[in-house]
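Below: one protein chain in two forms, given as structure tokens, structure 1 then structure 2.
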Structure 1
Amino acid sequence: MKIENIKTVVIIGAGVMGQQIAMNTAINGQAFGYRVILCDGFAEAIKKADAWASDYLESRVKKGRLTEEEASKVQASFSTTTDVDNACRNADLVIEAIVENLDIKKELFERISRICRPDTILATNSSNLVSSKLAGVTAHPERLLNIHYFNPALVMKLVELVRGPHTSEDTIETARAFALNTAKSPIVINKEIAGFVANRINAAVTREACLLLEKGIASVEDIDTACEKGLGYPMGPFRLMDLTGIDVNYFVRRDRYAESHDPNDAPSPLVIEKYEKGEYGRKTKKGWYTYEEQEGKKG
């Protein structure tokens, strides 16, 4: 599949990431005539996505970021459905953004790879599961890769394109051109590795931050301030964990350690403690900080 043939883009999974990937494609892909279909088997998820999309476009118009005409064109190119299989039949590119469960992803890719045309590019947005784990059940695995967006996908520019041993060069090049067409800055990762590039670097920073806290070297707030004011990070490691979810950090570390048996990959004892208390960050109103009306206070 060549980039000039990409016209219908299907996003599977209408959660936060799926919504934002779809909207980013619809807004920034106007010049290329992209038709975007966001699908999810759960009707309630689609209902919420429709409401979110309408509110988002309305807010962009009110803020002067889009004209009413531009918003109408985006709305016209953006649709939702609960019929995942039918949406995939005419797709040129499919990006999966469902739950991080390998068995569920395998069932999905096995099914849609036989519904889609043989040249349709299939991508997983997973930051944790590499596409080679899906290649065995996917028809024509040469068209399969990771296209990893960062949260929030409407804001973050980086997209990681991960080449599996099965992925063709044409697939990588088309995915790279698509990312550029939708206002992203893609990088190509030539070998599959857990965590890819950005998250591995971030994991090393987070691990060191937790060690400093464990040893009583500095407080949560001061470590975050050091990273933000001294190193130029937009958000310190503890604030970032609260945003993405301490439970997510725990699960990723746990699974990586189970695979590598490297103690450096294991969850920090402090993260385990937070996880066991159910203090996951912003989503539970308490993590490393406490949250009241969006204000973060040390917890």
Structure 2
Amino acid sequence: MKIENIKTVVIIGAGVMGQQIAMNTAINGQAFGYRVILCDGFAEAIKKADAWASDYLESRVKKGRLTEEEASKVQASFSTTTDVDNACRNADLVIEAIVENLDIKKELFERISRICRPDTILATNSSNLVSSKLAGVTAHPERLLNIHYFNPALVMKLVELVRGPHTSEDTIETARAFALNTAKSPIVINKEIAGFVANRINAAVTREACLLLEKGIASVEDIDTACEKGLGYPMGPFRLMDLTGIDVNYFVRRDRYAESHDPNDAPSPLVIEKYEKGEYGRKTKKGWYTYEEQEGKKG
């Protein structure tokens, strides 16, 4: 499938990621005439996505980022449905953003790969599952890859395109052109690896920060200050962990270690301690910092 032939883009899963990937495609892909269909197996999710999309476009118009005319064009190119199978029938590109569960994703890919045309490109937005895990159930694995967006997908420019051993060069090139057409900065990851590139680099920084803390080299606040004021990070590793959830860090590391048996992948003992105490960060008002009001204080 060449980029010129991509016209109908189907996003499956209308959650946090799917909504924004769909809206990003509709807004930034106007010049390329993309028709965007956002689908979800659950009517409630579609109801929420419809309300979110109208509110989002209205707020863009109010802020002067889109004209009324542009917003109605975006709205006209964007539709939602609970009929996933029917949406897939005419899809040129499908981006899956459903729950992070391999069995559920396998069931979906097996089903849609029988419904889609043989030249349709199928992509998963999974953060952890490489597309090889889905290749066995997909009729045309040469058109299968990971297209990994970052949260919030309307804001974050990076898109990681992960090449599986089954993925054709044409598929990578079309995905790269699609990402560029929709105002993203794509990178190509040539071999499948858990965590891909950006999250692995982030994990390495977080691991080193925890090690420095474990050894009593510097405090949480000072390590964050070093990263923010010395390295120009928008947020130090401990502040970021409090935002994304120390429990999430614990689960990701635990699962990665179970797969790799590499001690570097294991959760830090300090992260385990926080997890066991139920101190997950902002969501529990206490993590590396405490959150009484707005500002984080050392905890």
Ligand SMILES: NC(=O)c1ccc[n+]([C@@H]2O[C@H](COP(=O)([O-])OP(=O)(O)OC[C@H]3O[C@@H](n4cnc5c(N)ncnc54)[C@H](O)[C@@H]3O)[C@@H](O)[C@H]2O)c1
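Owing to the predicted nature of the structure, the values given are computational and were not obtained by experimental measurement. Think of the rigid core as the biggest set of C-alphas that the two forms share within 1.5 Å after superposition. Numbers follow structure 1, counted from its first residue as 1.
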Pair member which, unlike the other, is the form predicted alone:
1
Going by which superposition fits each C-alpha better, are Arg114 and Met1 assigned to one rigid part between the two structures?
yes
For the two-rigid-part motion between the two structures, write down the angle in ° by which the smaller part turns against the larger.
12
Taking the rigid core as the frame, how far in Å does the Cα of Thr225 move between the two structures?
3.1
